[in-house]
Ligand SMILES: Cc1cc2nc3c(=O)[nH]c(=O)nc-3n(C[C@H](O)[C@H](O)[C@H](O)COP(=O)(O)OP(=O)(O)OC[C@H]3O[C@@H](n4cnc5c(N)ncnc54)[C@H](O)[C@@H]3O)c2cc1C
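What follows is one chain in structure tokens, specifically the form predicted alone.
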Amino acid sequence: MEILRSPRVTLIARPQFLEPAHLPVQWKGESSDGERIAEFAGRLCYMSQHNPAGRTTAEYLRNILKQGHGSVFEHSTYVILIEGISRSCSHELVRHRAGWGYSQLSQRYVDESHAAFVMPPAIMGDPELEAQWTQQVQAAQTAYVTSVERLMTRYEWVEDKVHRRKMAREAARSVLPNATEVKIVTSANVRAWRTMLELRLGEGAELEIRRMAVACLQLLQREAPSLFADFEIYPTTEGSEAGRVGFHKV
């Protein structure tokens, strides 16, 4: 049985900008496609493609953030594969709806006999709590395996083996804990990412989803720094990490 102690986030899709030949922008500085889409959208509103102020993309987008014109960020979408989070964490994440899309591993179809489990950050570092928790999830996984085996026998009259396995797993999954690992593909536009990050990076956020948000922010800041430059990650007094945003809910 695998015990996971941190999430894994992988960028699997990014925006591609195709600049219209008849509306070229006088770009200044280096930038990613996602950043240029946002700048192009903003400049279109005022037909300022000639860049009268001579701003770099980073300067232009910082001014947009400062002004709170967040609608231009809705055109750039990033898709991230998130692994190593618990089912309880994913249920927190999918509460974010506007601008989001989700595709999550199905316990009804996937065999969880060898599922991994995510240790809650709150108990990490305490040997006694870790041992008790590990014993509990091991027992749950054993119960799942036993339930699947017995249900497969109970439903042996079902000729379709795929349907029989589905019937067994959908019932047996009820004994699995919220700590069971989830793999989920998430897609969101930049405005939606920023809103989620602002809410989930705060010290008042649940520890596991905050840890996930930190990992997502670090990835997005590498991918499109000008779109997330106003976020800051800092150490908390309890030894974890949290974050704050410079421009509130654009």
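For every residue, the number given is its place in the sequence shown, counted from 1. The shown structure was predicted, so the numbers you read here are calculated from the model rather than taken from an experiment.
What follows is about the form predicted in complex with this ligand, which we do not show.
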{"item": "This ligand in the predicted bound form: contacting segment from 62-70, 216-224, 27-35, 203-211, heavy atom within 4.5 Å", "value": "203-211"}
{"item": "Contact of Arg108 with this ligand in the predicted bound form (heavy atom, 4.5 Å)", "value": "no"}
{"item": "Residue contact check: Ala58 to this ligand in the predicted bound form, 4.5 Å heavy atom", "value": "no"}
{"item": "4.5 Å heavy atom contact, Lys249 to this ligand in the predicted bound form", "value": "yes"}
{"item": "Contact flag, Arg97 vs this ligand in the predicted bound form, heavy atom cut 4.5 Å", "value": "yes"}
